[in-house]
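Here's a solo chain for you in structure tokens, the form predicted alone.
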Amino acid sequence: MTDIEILLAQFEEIANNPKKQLEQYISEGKKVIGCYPYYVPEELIYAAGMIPMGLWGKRGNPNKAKEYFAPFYCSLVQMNLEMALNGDLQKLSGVVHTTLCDTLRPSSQNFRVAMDKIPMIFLAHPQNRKPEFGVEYTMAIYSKMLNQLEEIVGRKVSAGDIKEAIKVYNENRQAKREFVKNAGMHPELISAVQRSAVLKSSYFMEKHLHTTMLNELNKMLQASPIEEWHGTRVVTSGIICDNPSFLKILDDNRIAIAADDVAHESRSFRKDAPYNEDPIRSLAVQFADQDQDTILYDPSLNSRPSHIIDLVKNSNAQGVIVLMMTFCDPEEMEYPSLYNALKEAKIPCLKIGYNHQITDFGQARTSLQAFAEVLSMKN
């Protein structure tokens, strides 16, 4: 194995075994806080000396969670509660539950009722996040979150602690943006499966350790000669795209991910937190600066389609694959405008239904094979 392959295997091991990571942290006497998707200011958890761990569901079918949700509910939310009801989250010291969509809001109350022994921090982001009153509101809810974290950890968190955490997280975001760029330039070295594992592992690792490993990988990739890619390139978009069975279909058809607009991936590290004398304000401004997201209020009504078109052009991709989370109202409502914009720009687009219960991607395989042929004609 090459040095790159060895390092990629380490990322995959971590990404595929979050429970093992959790057990390791608990054995080391560390407190772990689960974080629902997305835009949780993890810096506050890190500053408190605890480990933020992403909660993005798991593959499988909900059983116990069906008692709390309608059958058509978002699979990500259902599987998060399923994990909790099955005892997978019982060693967490708390859970931060976000509320940015109509699914997450009621889900937070279901979680509170079903799992009353796990402290839940209710994080109600504002939609009007850009005006000063929106920034001040975000600062207020972040300050409340910090107070609750201090109660859990049993100590006060200083402004210096938060500033140091912001520095650590900004460095990690920068390393991940660099990796996305490098992976897009080296599809012969980084498969779609491996690309996902590198980014997914970040949700289960202490950020400074993930950054160290990722910087090493980035150096190796930057030192590697760029080879001609005998395949096609796409931009992926959606909430989550981490199923190895699906991603392997891309690899089998030599469809490389040149860039992404996936919430679980690039949307989460698109913006750094600016350095400010008040670190809580820094985190609030970072959230205010977030754009091009289906769950965030966009007064322009057209910034995300333009953003994705720019991603395609800047990454030399030939098309877009939209991973449509089943029954995700924000994504479904936005899709027609995205499709029309891509059609006008003459960019091929393929929409594929996606959720945590899918185990057989046979239909998707056929669609992707045909899509690869369409894209190859654009080369």
Partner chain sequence: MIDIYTMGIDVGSTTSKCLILKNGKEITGKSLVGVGAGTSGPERAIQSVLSSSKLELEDLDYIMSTGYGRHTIEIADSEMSELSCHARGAYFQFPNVRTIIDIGGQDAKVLHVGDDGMLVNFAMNDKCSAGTGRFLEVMARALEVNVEELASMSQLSKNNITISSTCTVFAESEVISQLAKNTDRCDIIKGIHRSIASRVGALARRNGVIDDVVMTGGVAKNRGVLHALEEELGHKIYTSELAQYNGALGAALFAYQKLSR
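This structure is a prediction, so every number in the text was calculated from the model and none was measured. Numbering follows the first chain given and starts at 1.
The next section is about a form of this same protein that is not shown, the form predicted together with the partner chain.
With the partner omitted from this view, the residue of M324, A341, L350, I26 that lies near the partner chain in the model of the complex is L350 [heavy atom within 4.5 Å].
A residue is said to contact a partner when one of its heavy atoms sits within 4.5 Å of a partner heavy atom; F11 fails this definition for the partner chain in the model of the complex, lying far away.
Interface residue remark: S367 is counted as part of the site for the partner chain in the model of the complex, having a heavy atom within 4.5 Å. In the model of the complex, no heavy atom of N16 sits within 4.5 Å of the partner chain. The partner chain is not shown here, and in the model of the complex it never comes within 4.5 Å of any heavy atom of E5. Counting a residue when any of its non-hydrogen atoms is within 4.5 Å of the partner chain in the model of the complex, there are no hits in 139-168.
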